[in-house]
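Only one chain is given next, in structure tokens, and it is the form predicted on its own.
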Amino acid sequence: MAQTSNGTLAEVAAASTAGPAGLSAGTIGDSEFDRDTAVARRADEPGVYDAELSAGWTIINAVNGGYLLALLGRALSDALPHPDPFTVSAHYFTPSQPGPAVIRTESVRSGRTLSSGQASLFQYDAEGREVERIRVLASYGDLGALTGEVCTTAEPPVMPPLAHCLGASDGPAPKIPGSNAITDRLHLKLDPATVGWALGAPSGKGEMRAWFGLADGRDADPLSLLLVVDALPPTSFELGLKGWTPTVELTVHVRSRPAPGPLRVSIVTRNLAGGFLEEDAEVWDSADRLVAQSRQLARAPRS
């Protein structure tokens, strides 16, 4: 890729397959993602959890929304009788910052196959007062109990093999101001057809596609899918816009437990109007199954 005056693709794409220096290989339950989404249940306050938001998942000037959703999802999986997120809807009120947080959960309904609950994440302002960052309403079930029947017209995204896509070491691209720490946690390989923005020639199509993995090699599970849907560069880049694209609302449907191996993620925006845009995402696993879908409303960059 040709040189630009703004930095390198490593600063906005992902770490190499080996991951950042010192990052050991991760497995489900014992990885950087699991450690950084850990929650501690308060013994004296039912449904209340303490958490520490890691600076390793920040982008520009805030903690990534998908990481936060996974952290809330972990608290709900502990609080509710069913293990797996089926549908999670989150409203983001204020940007979250690295540091202590409190998650307050509430069970709304428990049935035989589904249980529903809500959760809010709070941090503290300079005066020590709680500030609500996110509020989530979710339904949980057991993905392992679902039938294998599939009737669909959905198809995996058409994109080059992983080896022919572009990652951290493949060339320069515009530098994003602020923190890019999350890129060291991920192994992204972007479809070359969706990186025109990196060369100053965005396609105008509002599409982003990539192969996705965690940099330490941890395979995907239902909880990490809540991160995956919000981990790619925003589609607004391919619309010729740069800067922070804060999420207003994000709804995720988890359809199946993913098979081991890299995921394929496709995100598209069809309508930017009034300073807001939607992003529709699909996540496909190595067995060609649609394992997650999402839609989010985001504020378009103002630059």
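Keep in mind it's a predicted model, so treat the numbers as computed, not measured. Start at 1 and count along the sequence shown; that's the residue number.
Omitted from view is the form predicted together with another copy of the chain, to which the following refers.
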Margin query: Is Ala138 near another copy of the chain? Define near as a heavy atom within 4.5 Å, in the predicted complex.
Written below: yes
State yes or no: in the predicted complex, is some non-hydrogen atom of Gln118 no more than 4.5 angstroms from a non-hydrogen atom of another copy of the chain?
yes
query = According to a 4.5 angstroms non-hydrogen atom cut-off, is Phe86 in contact with another copy of the chain in the predicted complex?
reply = yes
Is Arg35 close to another copy of the chain in the predicted complex, meaning a heavy atom pair under 4.5 Å apart or at it? no
inquiry  = Please tell me whether the candidate spot formed by Val150, His253 and Arg289 is one where all three residues come within 4.5 Å of another copy of the chain in the predicted complex (heavy atoms).
reply    = yes
Only one of 269-277, 48-56, 66-74, 25-33 has residues with a heavy atom within 4.5 Å of another copy of the chain in the predicted complex, and that stretch is 269-277
In sequence order, the residues of 101-133 that place a heavy atom within 4.5 Å of another copy of the chain in the predicted complex are Glu106, Val108, Arg109, Thr113, Leu114, Ser116, Gln118, Glu132
